[in-house]
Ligand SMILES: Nc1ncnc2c1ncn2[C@@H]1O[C@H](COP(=O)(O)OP(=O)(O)O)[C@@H](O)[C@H]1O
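There is one chain below, alone, in structure tokens, taken in the form predicted on its own.
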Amino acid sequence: MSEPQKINVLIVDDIAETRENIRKLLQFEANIEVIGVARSGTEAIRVSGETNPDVVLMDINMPDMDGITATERIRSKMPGVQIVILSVQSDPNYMRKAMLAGARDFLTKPPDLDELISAIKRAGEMAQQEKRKAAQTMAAVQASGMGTASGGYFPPRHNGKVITVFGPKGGIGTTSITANLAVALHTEEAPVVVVDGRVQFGDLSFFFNEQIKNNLSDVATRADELDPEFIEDVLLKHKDTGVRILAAPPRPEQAEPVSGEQFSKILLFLKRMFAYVIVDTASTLDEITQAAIDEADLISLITTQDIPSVKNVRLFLDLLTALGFPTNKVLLVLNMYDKRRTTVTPERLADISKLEVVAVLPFDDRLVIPAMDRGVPFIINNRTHPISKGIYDLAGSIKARIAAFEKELEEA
């Protein structure tokens, strides 16, 4: 049986005595190795890039850059690195900000030794899992020659973004939103592909009135040897808009061989071919949905006004926080909004979720259901309608959020 892999730790604190005390606490742990120290948030970003630690122990209060900002920037550049925040204050607001920035854990200083060791081991295990997953994906991409039939290099056409559309309750309109969002975002310069992640009972292709020829299961069998020509052959093309569609298998049993790992590889490859990869997901956290969330650059989180839907949104956000997924990458959408129902308003939803509601789509069965039955995204012929305006609001928020993240990376 092989020995456990050592967990490489970087200690960040502006006080030399604190750094040394933590180092001494950890030196007797056989499976933990301190590979570096940093005196500031700026230095932590630089040293992290040089040493590639598994875990960063991050002080929250430092003179040049606070630990929360440093955490966010390290996680944006190196998402596999896990951050454990250390603070003299146990203020819940600090904890919430730390988790939103991508921290894995939050400990009060001075930390109890057992608590510190446990937090490092939990974070280290997750970091090493993430790094192994990234290495496997890279190896698969390299083995496929970045996707040409001859094994040659496939230069990326786009630095694409995965937008995962998720609703933690069934029947709330995520597929309709996915189809119309694709139309709103698609241009010749920024092409869109939609992927049906409802692998057993997906019907995304019907929202575009396109008949399934090839489908996701065909691509999954070649997930380790994808090439652009093959992908182009498999994808459907919506004749009216040019949006490309990767359909779900036509029968539930055909979805069984599709794994979460294969789905991740497909999304990563599609990012190189398209500006936007929009994934429609099931309301259950099966392995396909989890893969879509793991690979998401942004999550469009859909809810309606009913209490079970709002409750599930809150549970899902708590789960994201526990997983270290930054909630500033979540865009909250209120669908089927009826002004006559005053229990949950957009303002009340924002207060409950602690997120801005970026789009409100009014309830309008007279427009949505006939469009769905005809297989024509309603936004095509009703661009000025209030529900179409809500879709454009969501598309605008996606573009703005991506632009903000890219600007932060350039300035870091």
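These numbers were taken from a predicted model, which means no experiment stands behind them. From 1 onward, residues are counted along the sequence shown.
Just so it is clear, the following notes concern the form predicted together with the ligand, a form of the same protein that is not shown.
- The single contact residue among 368, 32, 358, 349, judged by any heavy atom lying within 4.5 Å of the ligand in the predicted complex, is 368.
- Among 289, 335, 327, 128, the residue placing a heavy atom within 4.5 Å of the ligand in the predicted complex is 335.
- Stretch-level contact check against the ligand in the predicted complex with heavy atoms at 4.5 Å: of 291-299, 110-118, 247-255, 335-343, the positive one is 335-343.
- The three residues 71, 100 and 408 each lack any heavy atom within 4.5 Å of the ligand in the predicted complex.
- Residue contact with the ligand in the predicted complex: residue 207 places a heavy atom within 4.5 Å of it.
- When the ligand is considered in the predicted complex, residue 308 lies well away from it, no heavy atom lying within 4.5 Å.
- Shown alone here, residue 162 lies farther than 4.5 Å from the ligand in the predicted complex, counting heavy atoms only.
- A residue is said to contact a partner when one of its heavy atoms sits within 4.5 Å of a partner heavy atom; residue 80 fails this definition for the ligand in the predicted complex, lying far away.
- Interface residues of 372-389, taken as those with a heavy atom within 4.5 Å of the ligand in the predicted complex (partner not displayed): 372, 387, in sequence order.
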